[in-house]
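One chain comes next, on its own, written out as structure tokens in the form predicted on its own.
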Amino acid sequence: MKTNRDEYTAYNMWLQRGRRPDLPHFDVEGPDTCYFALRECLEGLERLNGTCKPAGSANAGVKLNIDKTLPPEGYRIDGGTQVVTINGADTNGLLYGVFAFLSELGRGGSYNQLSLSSAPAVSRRVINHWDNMTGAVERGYSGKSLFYRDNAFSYNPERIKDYARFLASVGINQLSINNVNVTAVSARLITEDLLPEVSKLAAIFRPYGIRLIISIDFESPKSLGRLETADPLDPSVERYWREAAELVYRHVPDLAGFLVKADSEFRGGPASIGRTQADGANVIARALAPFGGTVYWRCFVYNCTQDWRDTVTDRPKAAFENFYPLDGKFEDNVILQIKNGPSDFQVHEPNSPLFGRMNHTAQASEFQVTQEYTGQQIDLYGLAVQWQEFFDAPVSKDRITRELVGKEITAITAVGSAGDDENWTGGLLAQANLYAFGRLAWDPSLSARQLTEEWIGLTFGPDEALNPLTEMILASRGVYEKYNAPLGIGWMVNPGNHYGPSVDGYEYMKWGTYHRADTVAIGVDRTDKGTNLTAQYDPWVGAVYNSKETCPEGLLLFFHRLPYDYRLRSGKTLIQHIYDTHFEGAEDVEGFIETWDTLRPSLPEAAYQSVRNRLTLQLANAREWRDVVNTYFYRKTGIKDEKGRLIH
């Protein structure tokens, strides 16, 4: 099918113009209550066709309806030779149905053969912005904030509307607008000073079915309310939160809720004053309950002042230790926001042991679309592969994580990647990760391959010549892992910016991120003979991790301390595996460049050049990782590479 590549711009992400110049002219109709979805449908069809259609020129029709028998936010699409009918359970569902219809057309589908129905697996599908009001974005690799400059709101309303459209097109329906590390300025987002501006921003997102979330400071009763304490059991504190909630909802009646990072990385919290995490979350939750608001309470709580000589304290155990004993003690409108793994968004780590163990508390899985430890939108890294692994992971002998979704897991969240760069995500191919997250939050059963193929088809048009790009993106996580830290050990990055290799960068620091490499062995023993992290998992899962023979090899050094001459299942020694994978990783990136060059005739030239430049940077990075890591272990062990390659 012919598409118009000349109209490609990175700004339009997966909602490109001119993808279907062969489409007929459509007449779109629906009740007045469906006006916004109707308008998006018309504009979307014109975008796909690449033209604006004159009135009265229709030779096919689209009819929009509300069908309240459908599941909340769900839709059904019935194709036909003359008329396509899109039914939505509500205005959100109808909008999602419109975008699903446009997506099918954008990927080459036939409008008269469509038969689709879908509803979201969870009702809360959330992007967290780590934007500071200075305009900087913590762990942002796509320019500056979309919302702020110089400690004030500052944005282009049209760009915000476009961003809302992108998010709605993949099913995102909630968005936090400020960094979880709340500053003195952003703490004031819940005050009369800034709430009018929050209200204006909410009004832009609202038609797209997106409700805002505000990150708040647990100690606001002291810093904003001028109380002497933030003790959640103090009546004056309870009164402060009740009055703050009343004020916030007066300005933003549909605010989704508050996001809280407490007792974490030097932030105040209930534990610092002798209260439980449930005490802290519940006082805020009770204030929000009359307005239908939710408290997202992050579980990223650990000892961040650890002595590196302390081999008993184990950071990956902290979330479970802090929250598992409180299962069932949180208010119904509290959702515990749990990082996907027990460490911190590493390239390869197991799922958090909290998933599958807390049966009486609502949970959110937290991912990271922004590539903090995974290449920072320079190195190609298909995060959908890692996220599919998360949902496929067992939580017991007979149950996988995906089966918790819609039950214990009631929200799926991620730290976002968008900034004010022209292409939104820094690296053009990083757009695939933002797309994949939204789609997976809607339907966690989707495969990484399906999501990648969808994104490519929407972005560049359906073209079999681009099939190698699918394979590149799917392979990229494994390639990055090859030249990164070996076998799940993690953290071998430069402190501060978290980009590039520094094997001992965190080894003697306070953050609890250790690989414990010496001249004989590497890894942290987290079995029942070590820190006993394995006991936090379901007994069947814990037993799998506890044994070197059954532990997934990609997690071997996360759970086990092993000598360098340990034989892996391939027959290689551990040290030879380290050497080989780091050489292979750099070679694989060379292969990415060769593949990308072959795709040039099928790509818009601007897209080709943009990605080619990033791949060149990635190759330099991969070679540096190869040389630094291999040299480190050669010097540490004195063991030569069996293949006689030069190790610097």
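Just so it is clear, the structure is predicted and the values come from calculations on it, not from any experiment. Start at 1 with the first residue shown and count on from there.
One more form of this protein should be noted, the form predicted together with alpha-D-glucopyranuronic acid, which is absent from this view; the next part is about it.
- Segments offered: 174-182, 444-452, 149-157, 98-106. Contacting alpha-D-glucopyranuronic acid in the model of the complex at heavy atom distances within 4.5 Å is 174-182.
- When you look in the model of the complex, the only residue of 279, 408, 344, 421 with a non-hydrogen atom within 4.5 Å of alpha-D-glucopyranuronic acid is 344.
- Think of it this way: in the model of the complex, alpha-D-glucopyranuronic acid has a heavy atom of just one of 300, 566, 390, 249 within 4.5 Å, and the residue is 300.
- For the three residues 348, 355 and 538, a heavy atom within 4.5 Å of alpha-D-glucopyranuronic acid turns up in the model of the complex in no case.
- Contact between residue 131 and alpha-D-glucopyranuronic acid in the model of the complex is not found at the 4.5 Å heavy atom cutoff.
- alpha-D-glucopyranuronic acid is not shown here, and in the model of the complex it never comes within 4.5 Å of any heavy atom of residue 482.
- Under a 4.5 angstroms non-hydrogen atom cutoff, alpha-D-glucopyranuronic acid in the model of the complex has residue 265 among its neighbouring residues.
- Looking at residue 138, you'd find a heavy atom of it within 4.5 angstroms of alpha-D-glucopyranuronic acid in the model of the complex.
- Looking at 497-515, the one residue that comes within 4.5 Å of alpha-D-glucopyranuronic acid in the model of the complex, counting any heavy atom, is 498.
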